[in-house]
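Below you'll find only one chain, the form predicted alone, shown as structure tokens.
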């Protein structure tokens, strides 16, 4: 089986510790007893909004009456932010070419039922996270790895994310990243392609990391099949940016390498396709 190389470990660390400076402001529609100051926070790209915003909630509750408080939700420039997407995906999709800090608006009423899932407690986040990991392992190993783990191993993955413990998480997650060397990669690559210009939440299809002829397939190969508009000819202007964790990987990058190193803790490669900024 393949061993993770030292420099690759640095990539894993950089991904895990990626942060987005954010400024949370209370919506002017909320009723407060006195003016609410904005709240600044460094958001972990790999986590979920509802998991890391307890301090934001406490901060704003100080200026509000209990009867004016319902479920907290977030919005950016009129778009409700889906808490079940990783924070980095939300930022790349909606705000990647804007100035920092990311200005997020906080609401405590008029929950947008049509746009957002309810999140009453951390156990809802944990259930979503674990179901993603299980789905990813079904694609990668026919669920063999996740099913061989014990309940406490599953808990270790979740606690690693919840408590921002890189080593605790990766001690278990590396098992989910292994594959027999002779196969050259996972059975299928767990990925989702997001775009703001579509009503579809995301594109997800079966895609193998190696062609039937044994060639290593790349990010470019994946896009050619699923989002050809993102690939432009030499002489034409770039129409889209393809972002993973806030960077634009080279299209020649093997999709298997990306899956092992740039997947989120949920074991999916989250790819955001956004219109290229017109300079």
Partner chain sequence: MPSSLLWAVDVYGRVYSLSTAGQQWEHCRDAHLEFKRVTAVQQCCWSIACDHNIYLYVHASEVPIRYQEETYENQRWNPVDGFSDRLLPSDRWQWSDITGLKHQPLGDFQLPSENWEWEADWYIDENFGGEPTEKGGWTYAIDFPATYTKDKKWNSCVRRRRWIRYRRYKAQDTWVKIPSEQTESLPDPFNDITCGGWEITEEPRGCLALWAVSLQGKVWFRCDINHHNPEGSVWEEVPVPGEVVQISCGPGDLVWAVLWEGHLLVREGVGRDCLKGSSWVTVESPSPGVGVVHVAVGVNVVWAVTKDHKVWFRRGVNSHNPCGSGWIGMVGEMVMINVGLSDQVWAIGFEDRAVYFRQGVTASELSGKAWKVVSVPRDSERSHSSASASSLQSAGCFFGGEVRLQSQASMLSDADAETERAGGEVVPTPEIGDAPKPRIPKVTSDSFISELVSDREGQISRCDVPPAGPSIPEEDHPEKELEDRASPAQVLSPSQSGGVDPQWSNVDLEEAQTHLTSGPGGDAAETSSLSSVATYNLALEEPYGLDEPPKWAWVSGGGCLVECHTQLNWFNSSTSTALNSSMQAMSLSITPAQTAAWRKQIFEQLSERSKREMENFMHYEQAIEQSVWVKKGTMQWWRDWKPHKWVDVQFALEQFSGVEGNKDGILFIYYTFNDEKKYLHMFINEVTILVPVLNDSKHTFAIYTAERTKQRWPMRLAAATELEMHDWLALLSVSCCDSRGIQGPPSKQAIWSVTCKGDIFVSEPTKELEASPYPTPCAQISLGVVWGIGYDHTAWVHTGGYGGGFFQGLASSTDNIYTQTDVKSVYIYENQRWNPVTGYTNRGLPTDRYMWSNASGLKECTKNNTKPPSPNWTWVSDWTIDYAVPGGTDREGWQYAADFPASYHGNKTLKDFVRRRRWARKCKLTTTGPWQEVPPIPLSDITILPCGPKSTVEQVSLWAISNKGDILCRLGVTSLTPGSSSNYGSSWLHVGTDQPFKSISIGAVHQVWAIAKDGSAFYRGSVSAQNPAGDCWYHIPSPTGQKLKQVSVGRTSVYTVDENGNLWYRHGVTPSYPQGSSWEHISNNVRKVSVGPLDQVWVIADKVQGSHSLSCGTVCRRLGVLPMEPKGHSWDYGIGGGWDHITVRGNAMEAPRIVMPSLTDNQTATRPLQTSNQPEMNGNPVGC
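The structure displayed is predicted, hence computed values, not measured ones. Residue numbers count along the first chain shown, from 1.
Omitted here: the form predicted in complex with its partner chain. The next part is about that form.
Colleague: 42, 179 and 258: each with a heavy atom within 4.5 Å of its partner chain in the model of the complex?
Modeller: Every residue of the candidate spot has a heavy atom within 4.5 Å of its partner chain in the model of the complex.
Colleague: Note which of 203, 138, 124, 171 lies within 4.5 Å of its partner chain in the model of the complex, where distance is taken over heavy atoms; exactly one does.
Modeller: Looking at the other structure, the residue within range turns out to be 171.
Colleague: Go through 65, 34, 58, 215 and name the one with a heavy atom inside 4.5 Å of its partner chain in the model of the complex.
Modeller: Spelling it out, the residue with a heavy atom inside the cut-off is 215.
Colleague: Does any heavy atom of residue 109 come within 4.5 Å of a heavy atom of its partner chain in the model of the complex?
Modeller: Taking the distances in the model of the complex, the answer for residue 109 is no, it never comes within 4.5 Å of its partner chain.
Colleague: Find out whether any non-hydrogen atom of residue 27 is located within 4.5 angstroms of its partner chain in the model of the complex, and reply yes or no.
Modeller: Contact with its partner chain, no.
Colleague: Although its partner chain is absent from this view, report whether residue 144 comes within 4.5 Å of it in the model of the complex, heavy atoms only.
Modeller: Yes, residue 144 sits close enough to its partner chain in the model of the complex that at least one of its heavy atoms falls within 4.5 Å.
Colleague: Indicate whether its partner chain has at least one heavy atom within 4.5 Å of a heavy atom of residue 189 in the model of the complex.
Modeller: It does not: once its partner chain is placed as it appears in the model of the complex, residue 189 has no heavy atom within 4.5 Å of it.
Colleague: To test your reading of this chain, name the stretch in 155-163, 72-80, 127-135, 110-118 whose heavy atoms come within 4.5 Å of its partner chain in the model of the complex.
Modeller: Going by heavy atoms within 4.5 Å, the stretch is 155-163.
Colleague: Do any residues of 89-124 have a non-hydrogen atom within 4.5 angstroms of its partner chain in the model of the complex? If so, which ones, in sequence order?
Modeller: 91, 100, 101 sit within 4.5 Å of the partner.
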